[in-house]
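Heads up, the chain below is alone and in the form predicted on its own; it's given as structure tokens.
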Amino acid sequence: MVLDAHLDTPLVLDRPGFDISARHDPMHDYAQIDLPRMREGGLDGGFWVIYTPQGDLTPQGYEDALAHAWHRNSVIDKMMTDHADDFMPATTADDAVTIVAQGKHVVYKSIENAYPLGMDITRLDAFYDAGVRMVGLVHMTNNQFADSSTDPDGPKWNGLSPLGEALIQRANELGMIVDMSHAHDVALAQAIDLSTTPVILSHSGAGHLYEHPRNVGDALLLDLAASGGVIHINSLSAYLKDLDTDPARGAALSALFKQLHENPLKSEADTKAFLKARRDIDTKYPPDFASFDDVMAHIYHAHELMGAAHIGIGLDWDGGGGVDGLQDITGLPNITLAMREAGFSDQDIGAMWSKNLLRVLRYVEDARNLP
């Protein structure tokens, strides 16, 4: 079974006119997942992400973010309703096996950036009731729960805030996986110690190979493994190597996505205009990509350091992932082939593709203990 811990495809589902049942081109449509390619690449499903960009830490900011998160949840639900023959919701570890046995694709839900919860962690309960089984505390900048690994102003809380500690406790009680990708190393270390269940990194990398704030050093990865946690290796090029790109590219993309956030697409014409604007940026400031071998190097390093029981796959599809030789999910079989050529056993490969993730989910389920 092939599951990815971090599928940002709901971002793409939200585009008017996007049809997940049709085949798309990752370099033209900027869509890396659809049903034809899921079948070709053997992707059985994974955690589909309710992502909310970080905004102001104000009551209005929280309310706007909460509405955004519930909208994104509805987009995932609509995909399952519109394509009920192809997708099924999953909330337990056993569901994945049952769904795949029926020839359908697995839809777990996760939250990336808990910012929409505002100052009221009991809002997490409603998301649990809606099927969410993983919560990531923070994204690119600090929020009310934790420090981000990439906030340009540096740490705010020295790791977790008191509210962040309470959020982890609530996730433990509900039976949700705690995801610390994007969190500052200090926050990750604190979460490992605090959480009563193993935490995961849903889309991260090995700092030993490339020193980037989004990657995690060996000592902390060993602590993660000792606690039963799992790192899922991502494929976002900027986290894998120094890129040879014009600095103006980043600024242009940031401006485009800021505009998208402030003025969501409302029609197919809007979608076409957005995609053209993104292609124009690629033409003017060509992207540079890491390689397939760079991704595999992180898998191999984690395997040597932590063992197969603590590695998974979270390539950040439709959220910035994709490298030369692995630009969409049709390339997934090449990962399996490379692991076999490196001498990994079928048992270890199966663990890394899904069983480790499901083991953590099952542990979290069993530990569910609402007061």
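Numbers follow the displayed sequence, beginning with 1. Computed from a predicted model, the values in this text were never measured in an experiment.
One more form of this protein should be noted, the form predicted in complex with a further copy of the same chain, which is absent from this view; the next part is about it.
Asks: Out of 281-289, 118-126, 179-187, 199-207, where are the residues with a heavy atom within 4.5 Å of a further copy of the same chain in the model of the complex?
Replies: That would be stretch 118-126.
Asks: Residue-level contact is defined here as any heavy atom of the residue lying within 4.5 Å of a further copy of the same chain in the model of the complex; does Asp77 satisfy this criterion?
Replies: Although a further copy of the same chain is absent here, Asp77 would touch it in the model of the complex, with heavy atoms inside 4.5 Å.
Asks: Considering non-hydrogen atoms and a 4.5 Å limit, does a further copy of the same chain approach Ala67 in the model of the complex?
Replies: So Ala67 counts as contacting a further copy of the same chain.
Asks: Could you confirm whether His212 comes within 4.5 Å of a further copy of the same chain in the model of the complex, counting heavy atoms only?
Replies: Answer no; every heavy atom of His212 is more than 4.5 Å from a further copy of the same chain in the model of the complex.
Asks: Glu63 near a further copy of the same chain in the model of the complex, any heavy atom under 4.5 Å?
Replies: Yes, Glu63 sits close enough to a further copy of the same chain in the model of the complex that at least one of its heavy atoms falls within 4.5 Å.
Asks: Only one of Asn263, Asn158, Thr98, Thr81 gets a heavy atom within 4.5 Å of a further copy of the same chain in the model of the complex. Which one?
Replies: Residue within 4.5 Å of the partner: Thr81.
Asks: If you check His71, Lys241, His301, Arg249 against a further copy of the same chain in the model of the complex, which one has a heavy atom within 4.5 Å?
Replies: Of the candidates His71, Lys241, His301, Arg249, His71 is the one lying within 4.5 Å of a further copy of the same chain in the model of the complex.
Asks: From first to last in sequence, which residues of 320-359 have any non-hydrogen atom within 4.5 angstroms of a further copy of the same chain in the model of the complex?
Replies: Stretch hits: zero.
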